[in-house]
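The form predicted on its own is given below as one chain in structure tokens.
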């Protein structure tokens, strides 16, 4: 009986000792963690937090940084980076300027939005054969003679997959921008292997553009595409906003404003390659539809 009592006493003393040891160790670890949390505490700049709250927080990378948090830190450290958030536009730039006690110079710039420099759907193009390779623009672009025009949209949707906002769709073989959803993140322009998608300053709700990238002569372009630019120069005669270089007409987007002259250039374009792009843009003239008669 006494042996059993002795054994029980030893067991209880062992348990008490273990409990005391665990309590001391727990207390020591808690003290160490408390000290570490104080010593290693990362101080977050209040202005960085405020700037981050002002950003759209879509982490699109249009500003050149990995995400909105990285850009917030960068713009607080270097105010020269103000205005780099294309999705946020002027309103976001002004909000950040207010936080940093700065002024937005020149009233800010027009938001950048993509324009696809091609308007040819499948029926408008000439094909040498049916492409049966990997359904990617990058893969098709590496093959010769996928379609007669080596400058036009391939239509396999590399740009649509790059867009996080469902703002691009391939419609009848042509990449088409949904400007209601577009944030101007630039992902689509970077994804196109033919560099067909240009980020353009939208100084107007709808922007006029020459929707073509062909550098072929007018005769060759006509043989490949019903709606390509033939470098006839008729648009240049109507408005000095247009130029023709290397067999391709271009519009000065920085100076563009709708006018009777630009409207005439669009309606009289022989192939209808001059079109509008934007949220409320008019539908372009159908391929083969006659242009307005040029004045004598």
Partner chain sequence: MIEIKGTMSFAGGVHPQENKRFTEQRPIELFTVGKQVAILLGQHIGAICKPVVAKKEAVTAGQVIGRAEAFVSAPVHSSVNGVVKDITLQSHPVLGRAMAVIIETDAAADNVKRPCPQRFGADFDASAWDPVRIREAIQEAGVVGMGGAGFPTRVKLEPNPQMPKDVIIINGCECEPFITCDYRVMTEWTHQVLAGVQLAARAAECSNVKIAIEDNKPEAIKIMHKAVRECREAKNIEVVPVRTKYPQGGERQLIKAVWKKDVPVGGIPPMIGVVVLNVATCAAIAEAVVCGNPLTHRVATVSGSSIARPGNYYVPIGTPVADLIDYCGGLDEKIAKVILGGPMMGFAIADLSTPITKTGGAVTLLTKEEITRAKYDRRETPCIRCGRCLQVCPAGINPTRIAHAVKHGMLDVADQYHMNACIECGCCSYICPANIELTGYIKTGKILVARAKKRMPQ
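Residue numbers count along the first chain shown, from 1. No experiment lies behind these values; they were computed from the predicted model shown.
A second form of this protein, the form predicted together with the partner chain, is not displayed here; the remarks below concern that form.
- 146 is the sole member of 207, 146, 93, 174 with a non-hydrogen atom within 4.5 Å of the partner chain in the model of the complex.
- Comment: the partner chain is not present in this chain, but in the model of the complex one of 220, 99, 74, 110 has a heavy atom within 4.5 Å of it, namely 220.
- Proximity to the partner chain in the model of the complex holds for none of 162, 169 and 281, with the criterion being a heavy atom within 4.5 Å.
- Using a 4.5 angstroms limit between non-hydrogen atoms, residue 150 touches the partner chain in the model of the complex.
- For the chain shown alone, residue 190 is a contact residue for the partner chain in the model of the complex, at least one non-hydrogen atom being within 4.5 angstroms.
- Heavy atoms of residue 135 reach within 4.5 Å of the partner chain in the model of the complex, making it an interface residue.
- Contact annotation: residue 26 falls outside 4.5 Å of the partner chain in the model of the complex, judged by heavy atom distances.
- Per the 4.5 Å heavy atom criterion, the partner chain in the model of the complex is contacted by stretch 135-143, the sole one of 198-206, 135-143, 177-185, 110-118.
- Taking the partner chain as positioned in the model of the complex, the residues of 204-233 that bring a heavy atom within 4.5 Å of it are, in sequence order, 216, 220, 224.
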